[in-house]
Ligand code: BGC
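Just the one chain here, laid out as structure tokens, in the form predicted on its own.
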Amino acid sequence: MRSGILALAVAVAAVGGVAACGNTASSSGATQTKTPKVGVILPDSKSSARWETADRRYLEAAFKAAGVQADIQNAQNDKSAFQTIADQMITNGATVLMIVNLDSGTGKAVLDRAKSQGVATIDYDRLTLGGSAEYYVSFDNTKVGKLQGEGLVKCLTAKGAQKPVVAELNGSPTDNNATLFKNGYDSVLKPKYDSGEYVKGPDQSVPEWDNAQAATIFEQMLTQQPNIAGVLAANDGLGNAAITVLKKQHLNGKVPVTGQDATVQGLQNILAEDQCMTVYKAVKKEADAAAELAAGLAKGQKKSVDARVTDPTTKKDVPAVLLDPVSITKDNVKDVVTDGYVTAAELCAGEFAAKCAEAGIK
């Protein structure tokens, strides 16, 4: 692994409204070394609200604190735009590229292109299978899934469910995190299916984490198997899609639904008792850790990390930072507010003011 980053030529163009980095030529005509710059590509703003409401603001703050210029753009689930943004960032002088891939194929192409240009790379939140990133920064995603499985079990137990039929709404099949989540919750649910304590119901992935498709898929599930008694939904968006369908049948609150990301919508669904739990991932810690590594690489420094993950495609170990997720139920929703991830003002608006008061949220 190289210890430094080869600087690209000083860029004069701007990407996405962010001025190109680099000091201007002196009066004598000599060009000075340009400022280290990090390019960050977020995946979309539709699959989860977190990318724009949390990751962007935390990354911006972390890079500002590190004194490193950052160009943060969102590919809006467009693979062509994702590659174009990456090319523009490299052309405009990025010395480090940090991506949340849309799928491993597109992600690998972008990482390989960056590497060929001497640009260091980081996988943020999602591991690019077969990729060449120098770091991977995320949460323990198998543990995320395990918390979801355990949460659903607690909710079903609290309702006194007998041989409940459980439906699984999984994340995108092109997202390695979705695979890890499923590994986690299936490690909890499969033994119950095998013993006959639970009945395995419909089990389907949702392409691109699309919430509209999730609603259609779950509506079909419920039509085919009206006695679904629990829903393992892989994130809050998918969970809300299921809840919307359950409301039509007056089953919301009666059928436990899980989630992930601790979005305002997900937390409000928990306060309303339509969703039984979510998983909170302290994105600020993730953003801070990734920004620290990226800032180091931008300055030619390779920092050491404690963890490693094995890329299942290449079988290579990738240096990693893996953070701990936290299970959130109605009893500890206020912890997410206390942590500053969401504000009481946005969570407790309108009809949720009284519910927030009941939950001790001010």
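Just so you know, these numbers come straight off a predicted model, no measurement behind them. Numbers for residues come from their place in the sequence shown, where the first is 1.
The form predicted together with ligand BGC exists for this protein as well; it is not shown, and the discussion that follows is about that form.
When ligand BGC is considered in the predicted bound form, only one residue from Asp175, Glu168, Asp274, Asp71 comes within 4.5 Å through any heavy atom, namely Asp175. Contact annotation: Lys37 falls outside 4.5 Å of ligand BGC in the predicted bound form, judged by heavy atom distances. Interface membership of Lys182, defined by any non-hydrogen atom within 4.5 Å of ligand BGC in the predicted bound form, is ruled out. In the predicted bound form, none of the heavy atoms of Tyr280 sits within 4.5 Å of a heavy atom of ligand BGC. Proximity of Trp209 to ligand BGC in the predicted bound form falls within the 4.5 Å heavy atom cutoff. Residues with any non-hydrogen atom within 4.5 angstroms of ligand BGC in the predicted bound form fall in just one of 320-328, 63-71, 292-300, 43-51: 43-51. In the predicted bound form, Asp125, Arg126 are the residues of 117-138 with at least one heavy atom within 4.5 Å of ligand BGC, listed from first to last.
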